[in-house]
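Heads up, the chain below is alone and in the form predicted alone; it's given as structure tokens.
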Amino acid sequence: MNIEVGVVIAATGMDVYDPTEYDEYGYTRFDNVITSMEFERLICAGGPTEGHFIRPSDRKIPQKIGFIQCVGSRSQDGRGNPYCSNICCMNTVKDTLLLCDHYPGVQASVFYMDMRAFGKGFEDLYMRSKEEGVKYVRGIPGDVVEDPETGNLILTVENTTTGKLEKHELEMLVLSQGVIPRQDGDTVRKLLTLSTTSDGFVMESHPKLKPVDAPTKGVFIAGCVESPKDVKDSVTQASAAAARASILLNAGKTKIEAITSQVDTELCNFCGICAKVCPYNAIGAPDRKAEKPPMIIQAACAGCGACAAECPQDAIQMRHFRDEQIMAQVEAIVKDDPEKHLLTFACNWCSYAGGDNAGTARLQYPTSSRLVRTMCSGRVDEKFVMHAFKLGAPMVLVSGCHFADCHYINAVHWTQKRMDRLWNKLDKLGIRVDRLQLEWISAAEGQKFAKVMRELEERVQAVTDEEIEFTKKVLAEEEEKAKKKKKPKAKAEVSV
């Protein structure tokens, strides 16, 4: 079934972590070890025990209950996830208060790394829990064993506050499990061409300026599809997404930046590479038989320029970032004393912003660096780099977003592939490949930007005049060979 819509809001939620691999806690071995989700079901009036909290082994009300925090979160040992799941600490605080309210006199102990009570009123709840007699032990248990006679659980934990090794006997243990991205979310992400961060959650267009906009135009995100968050934050983000969607729907027409791509139908040979490269599916595949060139959907094009850089026929141009404009900037930079300058192609959103960050932070780096701004590192064509070397540039740096931070979904992957081709080409021509550098620098990495510029300045000075002249000669010869190949053969004269 096809449905025509004006906007899409992705709010697919999250899944909870399965603590099975944390076998030292005995989740699969001991009946009285449960997860926080199972705890919620037991204490809920609509649950299997009608709200009567009992332990599974003997159906008695436990008097000593323990909670282990960060199960599946903030893990660096290859199990679980390295990020904080956000909601676990306060969920446990709430659970301890529920126990104290329903069963006065119950002894609850919480074993934690750090309690993160950062939201409005959260610190008050945390202090209330302590006042009710809940014991907080700063340390994660390393071992859990079961007493076969009583069914009680014995935890061994190092209390990092006192520096002592302690043993705690509990009647029941609750594992505060973390949250993870939806396991069945790949289909939605592929349909909407959504990019994800390194932890698997959907990446927003900009964390500060566009927190509910997806990189794909007309798609908005809300709730835990973007990151772990509690109900209040989810509702806030959902309201923001609805407001952003209503603005677009009520506008009737939408404005786009004048940086989209155009196809020169006379140069196009219908190869279809541009359609494969586009991260937004904004280019319709050409039809070679019907001699129908690729069609660019201007409203969907975000202007990354990857299609223009990959097109072998130079049949695609990007408004305001045309080949001639970028080549002119390169020529202007290397016009005077080219051997002294580091030519840098910098991504607008990350690397170029990283340079701004370094400047505003007053970080010192050499003034010999010259930047050419592109919307994405994916716009950097091979011929831009070779043209710079042919004009005498000692080194060229291509810098863009980190793979997980690309503002154009996966355009940065094409940057990597193109650089690999360039390194192979330089190697075959006998040119030192380390004269072409690739660095991933984010907008927040002003220090890294300055450090890279200082390190590359030393390499620029190490490039000899002989190397530069050899490079210019070799590339000039290659250019002549390419021109001869493209030159049409003269028709043979026929004698009558």
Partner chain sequence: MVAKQVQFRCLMCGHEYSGMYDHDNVTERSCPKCRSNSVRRLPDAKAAKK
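Numbering follows the first chain given and starts at 1. These figures come from a predicted structure and were not determined experimentally.
The discussion below concerns the form predicted together with the partner chain, not included here.
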property: Interface membership of Val433, the partner chain in the predicted complex, 4.5 Å heavy atom rule; result: yes
property: Touches the partner chain in the predicted complex: His413 (any heavy atom, 4.5 Å); result: yes
property: Contact flag, Tyr280 vs the partner chain in the predicted complex, heavy atom cut 4.5 Å; result: no
property: Touches the partner chain in the predicted complex: Asn424 (any heavy atom, 4.5 Å); result: yes
property: Listed residue that, although the partner chain is not shown, lies within 4.5 Å of it in the predicted complex (heavy atoms), from Arg459, Arg41, His52, Lys64; result: Arg459
property: One residue of Lys120, Lys417, Lys335, His320 in contact with the partner chain, assessed in the predicted complex (non-hydrogen atom, 4.5 angstroms); result: Lys417
property: Segment that reaches the partner chain in the predicted complex - one of 424-432, 465-473, 55-63, 25-33, heavy atoms within 4.5 Å; result: 424-432
property: Any residue of 428-450 that, in the predicted complex, places a heavy atom within 4.5 Å of the partner chain; result: Val433, Asp434, Leu436, Gln437, Leu438, Glu439, Trp440, Lys448
